[in-house]
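Single chain ahead, by itself, as structure tokens, in the form predicted on its own.
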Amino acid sequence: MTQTRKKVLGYGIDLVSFSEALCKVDDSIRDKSGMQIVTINPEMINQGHAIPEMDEILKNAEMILPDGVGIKIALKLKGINQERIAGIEFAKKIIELCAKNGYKIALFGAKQEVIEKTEENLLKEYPELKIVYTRNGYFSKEEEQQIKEDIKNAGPDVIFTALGAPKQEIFNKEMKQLLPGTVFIGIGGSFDVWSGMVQRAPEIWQKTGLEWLYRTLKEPQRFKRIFPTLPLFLIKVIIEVISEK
């Protein structure tokens, strides 16, 4: 399957359907080729411009999926009608894939009570799921190396890392050097939702691409993260589109 990418402000984004992306993940697990998956949004592009290590990750990750609605709008401005692939939904489908095929997974990140409830809920939903490693995301620099060794020894096929960007992407990049045949995906606050401690936006908000607005209304502290990031991002994209003509 040929991989097609379109650059937005210097970073390539995969132009794939949800099912095509999932097939690529399955192929990677089966042939042990390994991959780092980034579900990109405008904030992460800003991080790439500001943080050299994040810049390297966004330029070299094997799969970069258009998660944020801002990315979908940016691609639309470039004449591309690409479906948004929500990271939380894509990660859940990978969980389902792993349960069905007997792939081993690791869950890393979030608070202790959140990760415990996430594991419990996933095993209720998928009794056959093989979870070989679970740990919260609070650790010292001294503990980090032992965590990496423990994950390596557990030998998961897929690692779901919920540390928030860019920390989770940097951790995944470092772990990929220890487990080159493993699939890594950063999933932000997905464990909070899977644990049942945070509710996702109603489906109508999700389908219209306004889940970010719903979450901002529910959590006003997120406002500073969204604004002015999203408007400035779109202005930069418009300037880039004009310069490309």
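So that there is no doubt, residue numbering starts at 1 and follows the sequence shown. Just so it is clear, the structure is predicted and the values come from calculations on it, not from any experiment.
Only in words, not in the display: the form predicted in complex with a small molecule, which the text now covers.
Interface membership of Leu163, defined by any non-hydrogen atom within 4.5 Å of the small molecule in the predicted complex, is confirmed. Contact annotation for Gly34: none of its heavy atoms lies within 4.5 Å of the small molecule in the predicted complex.
Although the partner is absent here, Arg225 lies within 4.5 Å of the small molecule in the predicted complex, judged by heavy atoms. Among heavy atoms of Ala110, some come within 4.5 Å of the small molecule in the predicted complex. Residues of just one listed stretch (140 to 148, 69 to 77, 121 to 129, 164 to 172) have heavy atoms within 4.5 Å of the small molecule in the predicted complex: 164 to 172.
In terms of contact with the small molecule in the predicted complex, the residue from Asp192, Asp55, Asp26, Glu62 that brings a heavy atom within 4.5 Å is Asp192.
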